[in-house]
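First, one chain by itself in structure tokens, the form predicted on its own.
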């Protein structure tokens, strides 16, 4: 079985938490992370905060193999630091064709006036992607330091699927940062929808069982670009919605949940089901709750409204920062995850 996790808004939806929960609770044997180091996923597990920029949040399942696919980009210092900090050497596999960001890409990005204007994270990702398009980027198989990690990850995934194993693919950023489907030019340098994620991994769409789109209970974005219904910093403080980006530390702009954006994200990603995170920010009584009936009535009604309008089941509901702070409705709704 293969599940793809996609961000439904502008990133920062809590995909890392959802990926970590699924890897643990549903015993996924393989966890794949696409994208690059300009996107951070935060996982709070066993009392510790992990901010990941290369490896999947599925690392919390100690039996899961962690794959970096050919369409991803890594930076060697970030990669090796995560491998050592997480203690996962021996179960990490980097595809031979994964792209590698070098310091020169970071320097060139900082000098680019267009990237500065759109609010780039200046991690070298855009310039490295441009070099790959121009066939100039060096790839993983060219680095001797990576020799022990190299593998044909696409073949590994196909073979695992044929054995009946479970694959979790963790996309980064969000639908509206897609180079093609987002708020251009205020977008990232890749396609962040399910189709783009699958292309990076090297998996055809017919192998996919679930496309799980993750929405936060409100909309946030970092950097420049349109944000309908944007609230003032004072209002965000009043609501308790103050957040900062996990890579840049920049204040996240925020607005109420946007059904128009959510409906289009469902369409663009062929979503089969939904996860909602941070519902406790809207309904404080939901904090730490782990069962549907224990949620406050107004929270349940809001979730049911989301399901009615988006016509997809809300299978997972995040109620706090810890991985285990989840209401899991998948079995009750007949969805196998």
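Positions refer to the first chain, counted from 1. In this text, all values refer to a predicted model and were calculated from it rather than measured experimentally.
Below: the form predicted in complex with a small molecule, not depicted.
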Three-residue site 38, 188 and 250 fully in contact with the small molecule in the predicted complex at 4.5 Å by heavy atom: yes
Candidate stretches 78 to 86, 131 to 139, 215 to 223, 146 to 154, one within 4.5 Å of the small molecule in the predicted complex by heavy atom: 215 to 223
Contact label in the predicted complex: residue 169 to the small molecule, heavy atom within 4.5 Å: no
The small molecule contact in the predicted complex: residue 195, any heavy atom under 4.5 Å: no
The small molecule contact at residue 120 in the predicted complex, heavy atom, 4.5 Å: yes
4.5 angstroms heavy atom contact with the small molecule in the predicted complex for residue 160: no
Selected contact from 100, 115, 236, 266, since only one has a non-hydrogen atom within 4.5 angstroms of the small molecule in the predicted complex: 115
